[in-house]
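Okay, so here's just one chain, in structure tokens, the form predicted on its own.
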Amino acid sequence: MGQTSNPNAPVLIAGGGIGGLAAALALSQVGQPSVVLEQSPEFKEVGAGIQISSNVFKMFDILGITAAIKSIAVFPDGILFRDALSGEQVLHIPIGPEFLARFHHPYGVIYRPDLLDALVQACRRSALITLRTGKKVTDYTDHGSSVTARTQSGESYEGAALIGCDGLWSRIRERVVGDGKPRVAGHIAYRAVLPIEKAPAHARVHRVTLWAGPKIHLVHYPLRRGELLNLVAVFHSDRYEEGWDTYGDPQELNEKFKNTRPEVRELLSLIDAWRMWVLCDRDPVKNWSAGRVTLLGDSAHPTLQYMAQGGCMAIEDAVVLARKVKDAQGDFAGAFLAYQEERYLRTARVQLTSRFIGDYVYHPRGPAAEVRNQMLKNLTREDMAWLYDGI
């Protein structure tokens, strides 16, 4: 497939989110320089929580950021699943010492800005990583022996290869896959964070709590060493066709949750300003590479949030991609094909399982909810081993 004309040329990374920075860090560990081109004026994540399971802690070990993550994360003692209408406990999954003994790595929750900052700081310590902000990649040319990325401001960057880490609405994916707009799930997510001292006592425990009801659910858990409470309220709606980051309507939210338990409505009443996301994903694809260009994370396999694996899959991608680049010794096209071959079935399983969980585990009503309850009561830790054992 040919070698690059400049063996010291960096890999260009379009997007400086969790996946893009993890890719830069992983590449640096195999001796490959990179340039991260982030469209925003600074490296910044929207304030919300993210669950980080044992499979991604294995990746943190490889990336050398486990200590930084553990210093700021919260490690819940369990995941509690309750009926949002009756209050019935449907399922409790211990994720403390028993989980750690089985999977050898913990299950935690972390504030997205804190995770991103850990990655940024690690990248800044590497002489092989160049970070550029205010650089939105809009197009590229694959020359066969190199790639030129062009930004919205008219600048050009030359590199050995290009990795599209530019998210759900990836401009790089338009060229590589060309499958149009993302699929709108019909689910809306409202997210908010508040100081833990403003939360009622029942919400201050170190636990991930899910209240599930017909076409609605609320998740809450502590963040930043227990200093913050993360709230995510999701409901079905056909009002919105697409969108990402805007403010939600508390009146609409309260209407959707009006029949839920007092504990749920109490938590929702504490928030005046919610950030709203229209939830989208895509059908899995087997190929997300073309020559010296590939995709990573949400650009390659965007998933709904119901398995809490979007960021985890992106970080796994980064580690696998770096190893394939190392093995290929300059054959980036070959490395990218090997990378997607190793990743596409695992990420597709996460995408499709997340869809199923959103419709039939979190949001059913009537007999479907009763079937759900029976299934969950028989759920064991081993049922999730395919995911949490990691790669």
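Keep in mind that what you see is a predicted model, and the values were worked out from it rather than measured. One rule holds for the numbers: they count along the sequence shown, beginning at 1.
Another form exists, predicted together with a small molecule; not displayed. Remarks below refer to it.
- Under a 4.5 angstroms non-hydrogen atom cutoff, the small molecule in the predicted bound form has residue 305 among its neighbouring residues.
- Taking non-hydrogen atoms only, residue 112 approaches the small molecule to within 4.5 angstroms in the predicted bound form.
- Among residues of the shown chain, residue 11 is not one whose heavy atoms approach the small molecule to within 4.5 Å in the predicted bound form.
- With a 4.5 Å cutoff on heavy atoms, residue 359 does not count as touching the small molecule in the predicted bound form; it lies far away.
- This chain appears without its partner; in the predicted bound form, the one residue of 102, 256, 171, 265 with a heavy atom within 4.5 Å of the small molecule is 171.
- Of the residues 84, 189, 228, 149, just one reaches the small molecule in the predicted bound form with a heavy atom at 4.5 Å or closer; this is 189.
- Across the proposed site, 23, 316 and 329 without exception lack any heavy atom within 4.5 Å of the small molecule in the predicted bound form.
- Residues placing heavy atoms within 4.5 Å of the small molecule in the predicted bound form fall in a single listed stretch, namely 133-141, out of 155-163, 133-141, 195-203, 73-81.
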